[in-house]
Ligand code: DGL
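Taking the form predicted alone, here's one chain by itself in structure tokens.
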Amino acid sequence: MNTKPIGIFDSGLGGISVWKEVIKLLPNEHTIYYADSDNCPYGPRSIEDIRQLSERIVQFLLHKKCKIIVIACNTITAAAIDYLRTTYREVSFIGIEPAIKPAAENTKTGSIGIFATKSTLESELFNTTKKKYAENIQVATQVGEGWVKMVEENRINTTASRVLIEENIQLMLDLNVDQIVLGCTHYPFLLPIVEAITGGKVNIINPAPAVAGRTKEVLQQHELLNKNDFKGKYHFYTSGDKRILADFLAIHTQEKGIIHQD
């Protein structure tokens, strides 16, 4: 089992921000990444719809003999991780959720901002976490309208995209937030723009490194780390346009992998 791949999936290309952190921390591990870009975005979908879509991908990754599955999507984690853990009890699932705890612990102004999808912000998981860690903190939440689409379509560095992001960020700054959580795995690809807009006035939190850390921790616990000393092999699957995935990887990572159309 040790040499089997790590499975990672997202509603689209955003989870590659998590994949990058996983291979940085675990360079010897083989990975299979699945982008369900044909059905992206998941944010507006019903919980039942999200569960059905994610279960299909989980079955695909298990067919590929993945030894652990990372849900590199806040929306899927919120809507489906409990269902998946109950349905596939023999599988270790790693999820992701908005990093409310570190934001609340580090705020000096008593005000933090969370950007996420509508589904994530309305989820029981999000609201339970907010109540647990930020009960006495002002939590400003906002859907990153159009952010997922601009990442999926490789339209990050356009004037229209920057204007849209700046409008969203300014609403947060007007509320005196000093911590901004990127609560969707697509959003870290917008980090350079967000940092330029905020000008170092706020701390931007990307939860992806913590997910990679948790993945390593679970592999260690189950004695599933790949002990080989050579670099892992990377396979990428998409339900969408293979060329868009290829272009995205070429822009955002220097790593080489094999791209497949599902």
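A residue's number is simply how far along the shown sequence it sits, counting from 1. As the structure is a prediction and not an experimental result, all values here were calculated from the model.
Absent from the display: the form predicted together with the ligand. The rest refers to it.
*Asks:* Would residue 42 show up as a contact with the ligand in the model of the complex if we use heavy atoms at 4.5 Å?
*Replies:* Residue 42: yes, in contact with the ligand in the model of the complex.
*Asks:* Please run the contact check for residue 73 against the ligand in the model of the complex: heavy atoms, 4.5 angstroms, yes or no?
*Replies:* Residue 73 belongs to the contact set for the ligand.
*Asks:* Consider residue 148 of the chain shown here, and say whether it contacts the ligand in the model of the complex, taking contact as heavy atoms within 4.5 Å.
*Replies:* Residue-level check for residue 148: yes, a contact with the ligand.
*Asks:* In the model of the complex, which of the stretches 165 to 173, 80 to 88, 113 to 121, 100 to 108 has residues with heavy atoms within 4.5 Å of the ligand?
*Replies:* Only one stretch qualifies here: 113 to 121.
*Asks:* Going by the ligand in the model of the complex, which residues of 1 to 37 come within 4.5 Å of it through any heavy atom?
*Replies:* Result: 10, 11.
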